[in-house]
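The chain below stands alone and is given in structure tokens; this is the form predicted alone.
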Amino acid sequence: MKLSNNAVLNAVKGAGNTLVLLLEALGHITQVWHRRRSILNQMHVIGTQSLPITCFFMLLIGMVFALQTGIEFARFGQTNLVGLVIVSAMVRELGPWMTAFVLIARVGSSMAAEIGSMKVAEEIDALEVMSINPASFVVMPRVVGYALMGPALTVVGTLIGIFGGGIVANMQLGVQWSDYFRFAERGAEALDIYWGLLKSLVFSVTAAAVACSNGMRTTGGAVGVGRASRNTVVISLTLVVFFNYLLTSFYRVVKMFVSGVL
């Protein structure tokens, strides 16, 4: 029981520290132009360098999902509907969700390790001695870079996933490209696109905040750096799944409201 209470207490403290650090970093958002070089560097690391693996991953996701749904639709002679389901799922769910998973695995863990190494090497303390706020110098550029490139990669990855679904629909399910895109146009409305981008933004900010927080709280040398990296991946993935459920539930309410108004 005592161990369980300590775990809960540590989780609450960690969540509080993460939220405070995120708010402090966002409080320095006015220094974006001053930190533009660092932000551009983070955008390159998070976005450009992650683009190939994201596209490859999302291509396979779209292909697998199209094949699985096509097998079921074939039982009812409705394989033409694959395009509608693929677009709907990719835009609202799989695109933001799977892109977030890729970035957490590739960027979140390395970001925590990088900041953790700075922490154990006392570079963070050196910044404070020089009256440089670590939240502004270290955290804010990473949060901004992540928040910008996460949705951008989601858009590209979603389009690649839809294209991958089309390849499978055409080559393995016998769906003509014209039919695939005709039904695909009905799979997503403007609200779906906006909601997918909102999810991606929330996931990106969450992952960046968790990575920076775990890195800034690193202790114990190399072992602590590894622990911070591992905890970042576990916590970020858990929060992404949790926030995805909340946002999907809220989407249902918004959808009903919009439908009622219209």
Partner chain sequence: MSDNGKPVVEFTDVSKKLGGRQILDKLSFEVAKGETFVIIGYSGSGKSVSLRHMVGLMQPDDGSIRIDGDEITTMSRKELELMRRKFGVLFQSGALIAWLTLFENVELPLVEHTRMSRKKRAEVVQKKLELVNLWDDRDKFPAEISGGMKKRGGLARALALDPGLVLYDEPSSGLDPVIAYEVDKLINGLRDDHGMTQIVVTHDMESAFTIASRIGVFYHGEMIQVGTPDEIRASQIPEVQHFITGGREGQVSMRSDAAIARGVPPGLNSRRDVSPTTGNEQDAGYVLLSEEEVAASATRESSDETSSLEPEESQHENP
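Positions refer to the first chain, counted from 1. These numbers were taken from a predicted model, which means no experiment stands behind them.
Just so it is clear, the following notes concern the form predicted in complex with its partner chain, a form of the same protein that is not shown.
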>> Is Ala126 part of the interface with its partner chain in the model of the complex - any heavy atom within 4.5 Å?
In response: yes
> Taking 4.5 angstroms as the cut-off for heavy atoms, does Ile71 touch its partner chain in the model of the complex?
Replying inline: no
> Val168: heavy atom within 4.5 Å of its partner chain in the model of the complex?
Replying inline: no
> in the model of the complex, does Asp192 have a heavy atom within 4.5 Å of its partner chain?
Replying inline: no
> Among Gly145, Gly83, Gly164, Pro134, which has any heavy atom within 4.5 Å of its partner chain in the model of the complex?
Replying inline: Pro134
> Among 46-54, 217-225, 59-67, 30-38, which stretch has residues whose heavy atoms lie within 4.5 Å of its partner chain in the model of the complex?
Replying inline: 30-38
> Is any part of 167-205 within 4.5 angstroms of its partner chain in the model of the complex by a non-hydrogen atom, and which residues would that be?
Replying inline: none
